[in-house]
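As a starting point, one isolated chain is supplied in structure tokens, in the form predicted on its own.
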Amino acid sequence: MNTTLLKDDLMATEVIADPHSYYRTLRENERVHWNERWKGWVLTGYKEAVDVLRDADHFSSDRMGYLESELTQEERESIAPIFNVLKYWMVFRDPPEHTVLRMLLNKLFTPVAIERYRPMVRKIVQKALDKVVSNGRMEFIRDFAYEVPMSVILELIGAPDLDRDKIKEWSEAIGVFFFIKADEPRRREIACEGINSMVDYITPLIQQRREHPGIDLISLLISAEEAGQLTYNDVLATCVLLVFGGHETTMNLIANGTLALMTHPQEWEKLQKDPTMIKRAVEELLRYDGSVKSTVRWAKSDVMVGDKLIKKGERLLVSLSGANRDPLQFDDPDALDITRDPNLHVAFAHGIHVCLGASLARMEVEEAFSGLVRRISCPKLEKTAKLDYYPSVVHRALKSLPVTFQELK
């Protein structure tokens, strides 16, 4: 391998700014690569990624279990609030616990079940646009990309009036634990504060739904608890996950997709002329620059991945972004083509841990872009603005996106 081409630093400024070039160089040299800085394997090929993601027998998603095994007793106690909630998150659980929770929640998030929310999402999109279209400019993430999915998830849990600024603050604090580099000052302390605040805020809401059930997601989780299918810890943790995960990734999908179209205005114009292309367009935006760059697995036993032997206990960074630009799977993978078909990307991962909210996210993003192309011209980055991404191995998240545009009459 030509190691001179790589710094092997996943957190390098240039890698955060342009991970796709890094993944391409890595994939061309060594599709399964040992990263000494990260102390784990990095997979950038489509086949290798899919093989690992679908193989729950040999690869674990139990992030909290593996983290706990690496910490001292004192370190574990210092982040007890994190463990007490996140160890019940479905995304960090292996079968059989994962299977029980997944089967229960799947029926709430099927494409058919989600479709009944489309009129509500469409109204939220229009309301968000009504506030800004006449201005000719907006801070896109704050005013639209965050506003839409946060409003949707609060409606779904039956709490549209919750304090969004507080939830955003706490979500960002929780995200520090996952997404920001390990040497961030007070990283774990900040995350614990975020978890505690979120739990304190949601707990009374769960009690209210217990006393006065509705048709919202929290009430449905409580019904499952009362039927003996879930524990209270499952209910609380899943509520935190819904609020945290229900807006964060979709917000970044909308922002990243908009930036992709801004840099390819001909694709925006195609969609504007033919709105029926929206589903294909969303799939291509997911593939081209999705909101989740990577996911992590741990080897349960010695196992071959590609031409490399992965030893028991070693971790793997499965690059979804790398897989989605693999030329062995996609023609001209670095091109944005909203007519691309087929488009079997792995932006939502693959296998038993494929994103539970994928159908909801797809529908929200479809409505978001349908609303945008009907109401405004292709946005342009404000002249003084600079693109800056949060330093994360996992997420692809812009800090801000100030844009100008023209309202369509």
Partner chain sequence: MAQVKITVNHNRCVGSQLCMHFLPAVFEMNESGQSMVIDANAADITSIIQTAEQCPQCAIKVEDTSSGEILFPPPGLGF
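These numbers were taken from a predicted model, which means no experiment stands behind them. Numbering follows the first chain given and starts at 1.
The discussion below concerns the form predicted in complex with the partner chain, not included here.
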query = Taking the shortest heavy atom distance, is Gly351 within 4.5 Å of the partner chain in the predicted bound form?
reply = yes
query = Contact between Asp334 and the partner chain in the predicted bound form at 4.5 Å, heavy atoms?
reply = no
ask   = Would Glu97 count as a contact of the partner chain in the predicted bound form, using a 4.5 angstroms cut-off between non-hydrogen atoms?
value = no
Exercise: Glu75 in contact with the partner chain in the predicted bound form, heavy atom 4.5 Å = no
Whether Arg54, Val112 and Glu115 all lie within 4.5 angstroms of the partner chain in the predicted bound form by heavy atom = yes
message = Within 4.5 angstroms, counting heavy atoms, which one of the listed stretches 275 to 283, 189 to 197, 245 to 253, 163 to 171 is next to the partner chain in the predicted bound form?
response = 275 to 283
task = Using heavy atoms only and a 4.5 Å cut-off, determine which of Thr263, Gln229, Asn106, Gln126 is in contact with the partner chain in the predicted bound form.
result = Asn106
message = Exactly one residue in Ser359, Ser370, Ser60, Ser377 has a non-hydrogen atom within 4.5 Å of the partner chain in the predicted bound form; which is it?
response = Ser359
task = Let me know which residues along 207 to 231 have a heavy atom within 4.5 Å of the partner chain in the predicted bound form, or say none if there are none.
result = none
